[in-house]
Every structure is written in C-alpha cells, then in structure tokens.
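Only one chain comes next, encoded as structure tokens, the form predicted on its own.
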C-alpha cells in the first residue's frame, strides 16, 4: 500500500497548494492513503471545522495535529466527532479527541498515531510509554501503523524511530517545518525521517513573514507572527508498505516548488 505523508500545512498558502497539487501527486505515485499535519492550517495556528473539511475534500484522508491543536477554540466542538482528525495521544486523560484511530483502505487496516515530543515543548505524558500502551491495544490483524511524531528535538525523534523500529510501519517527524535529508528504512523495517517539512509559503521563515521575523530578531521586541504570502512549496514523503507484514519497502522525499 502506498502512503503520502504531508508536512505541516501552513495557512491559506499551504491549503491552496494542497488543492492545486495533491490530486496529480496522488495519481502519479498511485497513493492509496494520505496523511497531513494540519496544526498550522488556520492562519498558522490551529484548525477550524471548515478548514478540516476543505482539506478532506482536497483528498487528505487523515489530519494529524500537534502543540497548536487547541489554538482555535471551536476545535473542542468537533474533534470528538471527527475521527479523521487526530491530536497527540500523550495529552493527559480528559483531553478531548483521540490520539489514534484505525481506518480500512484497500481491504487493509491502517492505524494512524499522533504523538508529541517533550524536549523544548509542553511537558506531556511520556510519548515512548504512550506508544507502548497504544500498540498493546491494537488487534494483531492491524499490520500497518503510521506514527506522526510532532517534536522539536531531532534527537528525540531519532530515538523514537529506533524505539519503534520493527513495531510500526513508519515514524515520521513533523513540527520544525524544515525537511531533513535522512529518510531511510531502519533495520527492522520501519520507514523513518526526522522531519517531513512544511507545506506553505516558500519565501518565509518556517511559514512566517520574513520581515516580521527579522525585525523581531533585530529589535527583540514582540511582534505578531503573520503567515507569509507568495509562492508555496509542498513537502511530503512517499512510503510503500507491505500490507501482509506492515514493513516499509520504500521511503522517498518530495519537495515540490
């Protein structure tokens, strides 16, 4: 089965490139299942019901989130009902929504897990122990497991890749908005990349208007961060998974300008 994992969608620019480019990328690669991180989809902060629907209509099957999941308060009104919207699983008990769901495509069960790192981020529950807990809950029939690890530190993401090698089909990092060049299949069959990258304004500072960011660095004065305009990029990875074993056969970076 062929998967497309799309890096953090940032604002209207990111949403537009999804609507313009996603369908032909899926056709070209024969994609069966598409996952995108949407935690920055609404003006660079959070997600709304309308924007989630817009992304689903464009061809995304599952939207994962991250540390900005609660930034748009209306998310509380629909995250419980929308099974295709997944927030980090290691939020403490009582947080609305789900951190893992199982979907059926092409006759195969596909589990999608979203997790947040803790290094330089909010002190959530341990993502490593939470991963163990979630995997124990899965039926043996679920062979394909895709993990979006939304984390700041490369070391924490690499550690998670090794920790889950052979137990999941893929561990793909999000959050930093900069695509890394370390995609590989780990020894026990798990596809790995430290960060998928960003889908949004190309001429920016990780999606934010570069002039605003430069002024903040130069003056050390608070500035409102605004999503940049202009040409957009799409960062993603293509992963081919053996449906019988859940092992990844191929991972390839995509960087479309």
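What you are looking at is a predicted structure, and each value in this text was computed from that prediction instead of being measured. Numbering follows the first chain given and starts at 1.
Omitted here: the form predicted together with another copy of the chain. The next part is about that form.
Classify residue 158 as contacting or not contacting another copy of the chain in the model of the complex by the rule of any non-hydrogen atom within 4.5 angstroms, answering yes or no.
Yes, residue 158 is a contact residue.
Answer yes if any heavy atom of residue 169 is within 4.5 Å of a heavy atom of another copy of the chain in the model of the complex; otherwise answer no.
Answer no; every heavy atom of residue 169 is more than 4.5 Å from another copy of the chain in the model of the complex.
Would you check, heavy atoms only and a 4.5 Å threshold, whether residue 253 touches another copy of the chain in the model of the complex?
It does: once another copy of the chain is placed as it appears in the model of the complex, residue 253 has a heavy atom within 4.5 Å of it.
Flag residue 210 as yes or no: does it have a non-hydrogen atom within 4.5 angstroms of any non-hydrogen atom of another copy of the chain in the model of the complex?
Heavy-atom contact with another copy of the chain at 4.5 Å: present for residue 210.
Heavy atoms within 4.5 Å of another copy of the chain in the model of the complex: which stretch among 57-65, 25-33, 44-52, 221-229?
Among the listed stretches, the partner-contacting one is 221-229.
Under a 4.5 angstroms heavy atom criterion, identify the one residue in 135, 108, 95, 100 near another copy of the chain in the model of the complex.
Exactly one residue meets the criterion: 95.
So, 104, 145 and 188: all three within 4.5 Å of another copy of the chain in the model of the complex by heavy atoms, or not?
Per the other structure, none of 104, 145 and 188 touch another copy of the chain.
With the partner left out here, which residues of 199-220 have a non-hydrogen atom within 4.5 Å of another copy of the chain in the model of the complex?
Heavy-atom contacts within 4.5 Å come from 202, 203, 204, 205, 206, 210, 213, 214, 217, 218, 219, 220.
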